[in-house]
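Single chain ahead, by itself, as structure tokens, in the form predicted on its own.
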């Protein structure tokens, strides 16, 4: 098992033996050299050391740990694979981390009713791999699907390249088991169209602030008969953007419709999965169409025709499955590929209306020029989910703070055109102040009241998701003082 090692109980912290009594002596980390690995998630700008890390292996152990921490009034944070990009699993005040990576079983698969039941630590891509030989797959596909967990996907309501046609995580959750902030175990959903309030929908995307999900019932889909991938190169971003709009307007709903700009292309071609993109183009479109075999070729022909209408330099269709996989690997590793051209990067995930894409990219370009920081744009063009990657060097004094400021400016642009500050990465600690770009104080207060029903003492993942001061009353009190 992970992290199995002999440890001596710390005499300085009385919670260690209490936690070890619940999960086992070897299943609690408390030494600094062990805890430092948990000081951040995929968002590395902020860091904090947890008080301890606990590894439960069942819902009952999660419940027992939470009950103890609740009784002692000790704050705690659920954590999956640590691939989150908004700091949702980062300790800020010495919280205890409850790691769910050992709860990684595929508990049940029902092909007749098309569902599977998994524990939260089950890795996303492993579900598709486990059922592919039966002709099924799991649709949500974040770029980190090779390592991210389905429990973490539920917490962030993760999306992916295929959410244009198939939706995000919440569209594929049928039921869940969860542990509340006081340790109570609840079951939600289980069959479609359960009457009453959509509590599953409320917990999905709540970023670990309402409950700890310990079992998930997910929808599985039949593998499409046919799938084809198209690559198109454009000399102008505006032409690529117009092609995106016209493809959707033509009634074609691609399984995925992705775009990368010139800086992003430089990064992916310098990294581990180059495919030979021309370096002098401004944009590349990557599109997948799937469904019944009959009619796929007609859709591909129409996509090619639309691209040609908008001055495409070259458009090509993948001739083999292997060629398509190389193209998608090039796109899906784009974030990490930026390390080939920059020491550090900060990724955002604002959302905009598709029709405003040329305008927003122009404004992002202006922010880049004014700040002196390069910005690579990688995005789910079909649903307007942008991923501006702000390239910087943390070794240069002040450049990290500048990158954070630039990221906030980019999100403000997205909000100003009627979009949102996040499409799939979540708010965490990274964007909680930017929540004011899209919500009034009264709207934030309404959400806080919901949180208080589930997590009244804010012991569960505290100080995440909402801005500080976190209540309208606190804002007014501060102003009065």
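Positions refer to the first chain, counted from 1. Just so it is clear, the model here is predicted, and its values are computed rather than measured.
Keep in mind that the form predicted together with another copy of the chain is not shown, yet the notes after this line are about it.
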{"property": "Stretch in contact, per heavy atom within 4.5 angstroms of another copy of the chain in the predicted complex, of 64-72, 423-431, 46-54, 33-41", "result": "423-431"}
{"property": "Contact residue in the predicted complex, chosen from 321, 294, 362, 107 - any heavy atom within 4.5 Å of another copy of the chain", "result": "294"}
{"property": "371, 400, 325, 171 - the one with a heavy atom within 4.5 Å of another copy of the chain in the predicted complex", "result": "171"}
{"property": "Contact flag, residue 226 vs another copy of the chain in the predicted complex, heavy atom cut 4.5 Å", "result": "no"}
{"property": "Non-hydrogen atom contact residue 344 with another copy of the chain in the predicted complex at 4.5 angstroms", "result": "no"}
{"property": "Contact flag, residue 281 vs another copy of the chain in the predicted complex, heavy atom cut 4.5 Å", "result": "no"}
{"property": "Contact of residue 451 with another copy of the chain in the predicted complex (heavy atom, 4.5 Å)", "result": "yes"}
{"property": "Within 4.5 Å of another copy of the chain in the predicted complex: residues from 321-351 (heavy atom criterion)", "result": "351"}
